[in-house]
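One chain comes next, on its own, written out as structure tokens in the form predicted on its own.
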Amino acid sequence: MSNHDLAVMVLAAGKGTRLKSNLAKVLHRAGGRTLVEHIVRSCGPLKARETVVVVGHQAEQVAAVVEPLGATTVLQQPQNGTGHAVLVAKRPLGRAKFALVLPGDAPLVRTETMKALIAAHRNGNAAATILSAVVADPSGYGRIVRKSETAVSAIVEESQLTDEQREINEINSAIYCFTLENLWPALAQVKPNNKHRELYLTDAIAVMSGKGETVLAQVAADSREVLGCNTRADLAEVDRILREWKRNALMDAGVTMQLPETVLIDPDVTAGEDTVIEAGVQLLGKTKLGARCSVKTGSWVMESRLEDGVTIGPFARLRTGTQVKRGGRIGNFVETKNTIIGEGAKVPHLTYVGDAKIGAKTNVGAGTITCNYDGFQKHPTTIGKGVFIGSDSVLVAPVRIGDHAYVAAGSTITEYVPADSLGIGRGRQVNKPGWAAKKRRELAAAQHPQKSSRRSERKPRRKTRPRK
């Protein structure tokens, strides 16, 4: 269905006082993105003629999130309610005939649900269509009061419910589709007759219904989609659901997860078939995993790329810019950053590798460190293919090690090691016989100087001759 006559409007001006935060509500994060980014991204496939985000609190920061996604921002200042926010966005909507209006703090709504809402609105020739949800506990939400099986008479806020209306478990999501030629006259009749002296969009719906215009409600298939984020507990629940959906999507694509509820995966992460992700793993940012990879318990991977057949961990930490070529291995308690690990290369354990290139089939021993930072800038380390780096080596960048070279264990390497060479950078061992015993006597004397002095003052015993 073409949406060339549809505009999307996201209401994102509020502060979110119940979150008790200096950060605007829509800039809080859940599921790896800000709340408003989730909304704008979900609206993208609708291909609306215009996406307008109404901003207010921390307007510049919100604009910096949504404008790169193709949205236009308009400032609501002061914030005089949801009806006022829609009026502020009237001009940017241009010649659109319909508007999809969403709050900026409801990141769970799916594109498919919005498409169904728009279709129901068009097919019903409605002035307004509300996305509703049926929930077990409707407390805290406005209720949908119907005058027939399909038509809505009003949205009643909880504070105004009658005892009979409190039994209704169909709630308002604050997501709507409007026919604009009906919306603007209705908004013109709305008055700020409430304790906050604000214009409410729900009052415009009441005006439409009162005039006999068609107001419909489309029930969301999954009631979780309408959850907003008014409290920290709401944020945590929304984050949990988004993470669950992401894990399920990867498992549906052929990824195995052990104890999936312990695995945290950001929305832009991808993984190939037959990859296995163990418990307690975090895959963040735009990390990409190939097929048949193994990410073991407790590993943390950020903005990294793993080719097919790579093994990571357990308890590995791959920071931004890490690339592991086919069949590479990064073992337990290894940290990498801005590093390329060659095909079949191994960094098995207890190692830090930063700003480095490691060639194919190279083995890096335990305890190795690339000293990439001199206090002012970062420097590269280049290790060729087939190299063996002995345990507890320190590679002081910038430094280069040629193909098939060896570095002796415990070495500090500061200069180029040519191909097929052995690099040794450590002091020569010297053994001093009796040194330890002498040292212990000196220490004992230092700890007990009086006792030592009395011993030195004693006269030697006179030897007695044996009696005949």
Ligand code: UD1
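Treat the numbers as computed from the prediction; the structure is a model and nothing was measured. So that there is no doubt, residue numbering starts at 1 and follows the sequence shown.
The form predicted together with this ligand exists for this protein as well; it is not shown, and the discussion that follows is about that form.
Stretch 165-173 is the contacting one of 320-328, 260-268, 165-173, 339-347, since its residues have non-hydrogen atoms within 4.5 Å of this ligand in the predicted complex. For the three residues H121, W184 and G210, a heavy atom within 4.5 Å of this ligand turns up in the predicted complex in no case. Contact with this ligand in the predicted complex, defined as a heavy atom within 4.5 Å, holds for exactly one of G298, G290, G142, G365, namely G142.
Think of it this way: in the predicted complex, this ligand has a heavy atom of just one of E157, D274, D222, E237 within 4.5 Å, and the residue is E157. Proximity of N248 to this ligand in the predicted complex falls outside the 4.5 Å heavy atom cutoff.
Within this chain, R18 lines the site of this ligand in the predicted complex, having a heavy atom no more than 4.5 Å away. In the predicted complex, G81 approaches this ligand with a heavy atom inside 4.5 Å. Mapping the unseen interface onto this chain, S391 falls outside it, with no heavy atom inside 4.5 Å of this ligand in the predicted complex. Applying a 4.5 Å heavy atom cutoff to this ligand in the predicted complex picks out L11, A12, A13, G14, R18 from 6-24, in order along the sequence.
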